[in-house]
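Here we start with a single chain on its own, the form predicted on its own, put down as structure tokens.
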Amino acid sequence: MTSISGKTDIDWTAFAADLAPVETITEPVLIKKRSRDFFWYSPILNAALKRCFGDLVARPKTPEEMAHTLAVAYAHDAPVVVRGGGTGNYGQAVPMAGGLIIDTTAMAGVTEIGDGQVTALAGTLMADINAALAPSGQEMAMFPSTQDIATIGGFVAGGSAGIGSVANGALRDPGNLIALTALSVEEMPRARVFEGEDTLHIHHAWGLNGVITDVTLRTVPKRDWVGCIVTFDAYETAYAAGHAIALAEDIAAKLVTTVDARICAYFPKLEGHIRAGKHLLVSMIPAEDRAAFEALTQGHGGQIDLMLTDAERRALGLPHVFDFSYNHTTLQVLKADRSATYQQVGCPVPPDPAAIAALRPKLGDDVWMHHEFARVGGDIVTFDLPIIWFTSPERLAEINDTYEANGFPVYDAHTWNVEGGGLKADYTHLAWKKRMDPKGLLNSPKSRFWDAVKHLSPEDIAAKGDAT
């Protein structure tokens, strides 16, 4: 078997034989399909990554098979990329150096449910974790809008927040990510357990510094959720109402999202169910909080267009309200027009409707706001995931500069470097990479700085400090 990527001189037929009994995929069309994630959300990443392919796919079913797979990769000096459902947007799962793609989705299952926590293998779908938790009266503290196809290992390795973060914080907040096990890439891979704050060494490192095999996460009591969509005449009014909901002691919202009216034209399934041409506030609230939610949103000038239990939603044939939140909003637009893209932008703390109103005309008609409310470090914050109508890298840079100049920090969604997203701001993750991956086989092209420090000891790498 020759190299599909053209970037390796490994005998892939012999490699596949060495992997036995681990399942492999050798068909080029299927390998190429698993070489992609949602990087095409970005025209810049699409141009850079669309021709990057792996050479072989392995599908280990157990942590033991995963360890065997990594030992074979080590013996052959094979580049390795680990993927779950492939729902990431930054090319985390794209094999830029060719080599082996490890698909974790066969290594799945909930292994333990406790009081306030759940442990699952890395390839377990988050929707399946929530289903397994339901009989115990619990649910995940947060999950992404892609829970039906996203794995828990992928979420921990590449995600940061989701539905539930407005109540329970970001994934990195204390208590949410309880423990994880990661394998090293060595002649005899070692399983290392990271607990508490130490999990952050592996969290959001894109699989550069260890291969996650299982995760223990915080759970919360299950609630009877009601999906709500409220329409407003002005965007800043919707934003102000969202802030009030996030702060309200009598509304335990799991989701608070605001969406520019122009984006709503790309939500055809809502046509006839919401007022046309209005800005949206999208929320999930417990059924017992409906009266308080109605009073608050109507007091801010909103009109409640939808307030549905899950059974009522299904009867109407409508999607979950979280399909209109996070990057599912971007996906709804991209389904109709691939010239759109997005960005990730922080906002002043505490949320300030006046700052949002002042910024909107400065951005131009090619930027349509969409905000998510979350709790980070105990504070209510927002971040903007705007729809941007892409024309050129230069115009995108202008938009970024406008945000930054007005006090809205940009966390670039158009880079394949793990250090570019704002969470890996020092060399600590690369020190752990040297400990866990001494040959640098794990997804190394995704680090801006690995080549410059790979010859150093872990201690010397960590001592270099700021990596930005």
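Heads up: residue numbers just count along the shown sequence, starting at 1. Here the structure is a predicted model, which is why all the values come from computation and not from measurement.
What follows is about the form predicted together with a small molecule, which we do not show.
Asker: Check each of P386, G159, P351, P189 and return the one that places a heavy atom within 4.5 angstroms of the small molecule in the predicted complex.
Answerer: Flagged contact: G159.
Asker: Would you mind picking the one in T119, T199, Q138, N327 that has a heavy atom within 4.5 Å of the small molecule in the predicted complex?
Answerer: Partner contact (heavy atom, 4.5 Å) among the options: N327.
Asker: Looking at 302-310, 75-83, 278-286, 232-240, which lies within 4.5 angstroms of the small molecule in the predicted complex, counting heavy atoms?
Answerer: It is the stretch 75-83.
Asker: At the 4.5 Å heavy atom threshold, is F373 in contact with the small molecule in the predicted complex?
Answerer: F373: no, not in contact with the small molecule in the predicted complex.
Asker: Can you check whether G99 is within 4.5 Å of the small molecule in the predicted complex, heavy atom basis?
Answerer: So G99 does not count as contacting the small molecule.
Asker: Given that the small molecule is not shown alongside this chain, does A167 nevertheless sit within 4.5 Å of it in the predicted complex, heavy atom to heavy atom?
Answerer: Flag for A167 set to no.
Asker: Using the partner position in the predicted complex, report whether Y41 sits within 4.5 Å of the small molecule, counting heavy atoms only.
Answerer: Answer yes; at least one heavy atom of Y41 falls within 4.5 Å of the small molecule in the predicted complex.
Asker: Any chance S5, G54 and T69 all have a heavy atom within 4.5 Å of the small molecule in the predicted complex?
Answerer: No, none of the three is in contact.
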